[in-house]
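Read the single chain below, which is given as structure tokens and is the form predicted on its own.
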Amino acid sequence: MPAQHQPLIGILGGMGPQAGLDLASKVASETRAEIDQLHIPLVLFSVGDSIPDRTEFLLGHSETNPSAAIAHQFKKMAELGVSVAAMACNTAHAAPIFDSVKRKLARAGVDPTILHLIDETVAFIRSRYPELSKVGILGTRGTYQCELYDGPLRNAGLEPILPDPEIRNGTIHEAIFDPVSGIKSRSNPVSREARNRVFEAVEHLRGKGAELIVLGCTELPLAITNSHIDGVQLIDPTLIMARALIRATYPERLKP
């Protein structure tokens, strides 16, 4: 059990597994540390087999809210001494899931700080790019169904730019979920077909006037590691969350 005075980060992965590893890797890469002992302590839970699909629930194709399984994992983290945690999944932050997780933890008397990926991302955009306002959104069908980014962006004075239905339900969905070439089935390395589909979606949003594009599914930064494409800034919520976790626990170790 970690000493009580030493913050311990918890990362809930498995949604998909490579995305959780990506978040843990970015915590390490964003930490100012010259030796092993200065790296930030964290635990990664990658238990995708126990967490139902978030998009299927949000679309009404499943009656099982993943919140019960997610809350169970956060309780296990709390038992290990985790004080600040995050989920490596955009869609799991939709209110029907995230709010239910918080209620279940409160009823159980467990209260870790769970950083909110979408809130952190929107705050970053607003502070880092005050001169830009048109924000394209790439994500799962569940992300669009729940308007996961739309409301927070509008509340911050930003304009969400959404893909057309054929891009949303075809190109992006296939890039993530195609059973042969999708990122969930081939995440390391990501297939050429999936990369091309993501690039096509980025170009589509650029054509609709997007000045920034949020890679709003934690699988998407695995496919596109560029910071810009044709002058459009790409926003990686996983990187933003990694830095937020460090800032919340060991701010003096955060790289500039």
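Sequential numbering from 1, following the sequence displayed. Just so we're clear, the structure is a prediction, and the values are computed from it rather than from any experiment.
One more form of this protein exists, namely the form predicted in complex with a further copy of the same chain; it is left out here, but the text below deals with it.
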| query | finding |
| --- | --- |
| Partner-contacting position among 196, 226, 64, 50 - heavy atom within 4.5 Å of a further copy of the same chain in the predicted complex | 50 |
| Contacting member of 156, 108, 95, 80, with respect to a further copy of the same chain in the predicted complex [4.5 Å, heavy atom] | 80 |
| Interface stretch in the predicted complex with a further copy of the same chain - options 196 to 204, 226 to 234, 209 to 217, 51 to 59, non-hydrogen atom within 4.5 Å | 51 to 59 |
| Contact label in the predicted complex: residue 240 to a further copy of the same chain, heavy atom within 4.5 Å | no |
| Residue 28: touches a further copy of the same chain in the predicted complex, heavy atom cutoff 4.5 angstroms | yes |
| 4.5 angstroms heavy atom contact with a further copy of the same chain in the predicted complex for residue 43 | yes |
| Exercise: residue 33 in contact with a further copy of the same chain in the predicted complex, heavy atom 4.5 Å | yes |
| In the predicted complex: members of 176 to 190 within 4.5 Å of a further copy of the same chain, any heavy atom | 179, 184, 185, 188 |
